[in-house]
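Next up is one chain by itself, shown in structure tokens, the form predicted alone.
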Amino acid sequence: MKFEPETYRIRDERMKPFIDPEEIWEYIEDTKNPEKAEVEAVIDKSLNKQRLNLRETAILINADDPELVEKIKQGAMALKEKVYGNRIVLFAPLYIGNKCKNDCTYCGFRASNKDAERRTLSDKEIVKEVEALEDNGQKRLILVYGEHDDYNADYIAHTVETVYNVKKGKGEIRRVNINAAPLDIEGFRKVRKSGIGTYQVFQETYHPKAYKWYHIKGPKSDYENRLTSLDRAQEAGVDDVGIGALFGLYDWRFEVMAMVRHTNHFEACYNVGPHTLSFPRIKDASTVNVPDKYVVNDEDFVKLIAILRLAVPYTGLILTARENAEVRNAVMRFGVSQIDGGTKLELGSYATSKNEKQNLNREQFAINDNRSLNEIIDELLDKGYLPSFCTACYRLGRTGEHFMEFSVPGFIKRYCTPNAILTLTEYLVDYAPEHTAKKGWKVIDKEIKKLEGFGRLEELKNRIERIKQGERDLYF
């Protein structure tokens, strides 16, 4: 058995490949048929808000007995409540351009797809899209770009600044995240200055050989360059990063292990883990070409989400509209902390207000939850969740190592719940129809009762009243 990576990775390992497939498979093979006591011990460690190592993660992966799987799921629910409360953070993706130099067999933007309708939004179109999103109450966006020379660091920074400058009525975007191609260190510095939040780069599959199957040509075909891209971001001062795998390209057990390995690499080298983990499942796309061998069924999907929550207690888990409403509602309780709402993937579609059938030649992949933002908020409230548009941590510098200081011990709940209440108050006053507002005030009243003993409870109530009187953007 090899040594745990945490014990031998040091800062000299920065920007070097860190995934060893043989090592990962050894852990999976060596922990088969775990004892009940082993599984329970791992769950207990996680409930103490300690990140799991690879062996412990493998034990959970190999726990197939229905009773043990249920313990994993229950543990994930309990841990999510401990760290984040019952809040669900909402955001929307905004596609800026779909030109792409890569040929990835699972993606509708692939360069060889001659049926794809290529487009890049103009500045005026970006403004219209953001205004439409603000009219719906959105406060958090993730901007998405294909990998193309036109979408360089200067252009990304320009679009970020354009988005932040759009103010319509009481609307504004307070947090702009990025999902784009890897940059060099200087490029990351440029986008950092524009005020970005999280920079996402998904490895898609962490298995080097499998990676070659799907990434036929283009800069994305360089596995190691993509794997170490967020190390360059860290070196450039972008300490708020998001990682993910596209489940269905390779064995889900390996991908979960690799994401945990990526996490402990960040911790060992930069003293900070990823801010978010994403776990999208492969969906239909124009000219998609992916075998069915590694399809992740719903049962395993729930299990892998619960394991990720237990493995990395402090990080946000993102569940996207690739999944339909039924699946999202079913799996959200097992550790998810962020979802998108009112999602549209076709470039320019937020401003047109069309409800047409999806045209996959204009989109990266099929979405399966096309509910409006308010419909999603309405249902979250029905289920007792606390919808949140909070951006306070990012603007107060509670990111990177500072975020770890707050979130790992569980103190983040002291900030997340009050700030979620304040952002929900804004939404109820400015955007919600009457039936949603009634539900929202009831949820807020319940959450306030849970905060008895919170040192600034009276100040929270005071700020709620100030929002009702017209003030905005109040936070702790």
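Here the structure is a predicted model, which means the values were calculated and not measured. The first residue of the sequence shown is number 1, and the count goes up from there.
The protein also exists as the form predicted in complex with a small molecule; that form is not presented, and the subsequent description refers to it.
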| item | value |
| --- | --- |
| Residue stretch of 81-89, 252-260, 156-164, 362-370 approaching the small molecule in the model of the complex, non-hydrogen atom distance within 4.5 Å | 362-370 |
| Proximity to the small molecule in the model of the complex, single hit among Arg232, Arg174, Arg189, Lys283 (heavy atom within 4.5 Å) | Lys283 |
| Listed residue (Ile96, Ala180, Leu317, Ala321) with a non-hydrogen atom within 4.5 angstroms of the small molecule in the model of the complex | Ala180 |
| Close approach of Pro387 to the small molecule in the model of the complex, 4.5 Å, heavy atom | no |
| Heavy atom of Trp213 within 4.5 Å of the small molecule in the model of the complex | no |
| Touches the small molecule in the model of the complex: Glu379 (any heavy atom, 4.5 Å) | no |
| Contact test in the model of the complex: Leu141 vs the small molecule, heavy atoms, 4.5 Å | no |
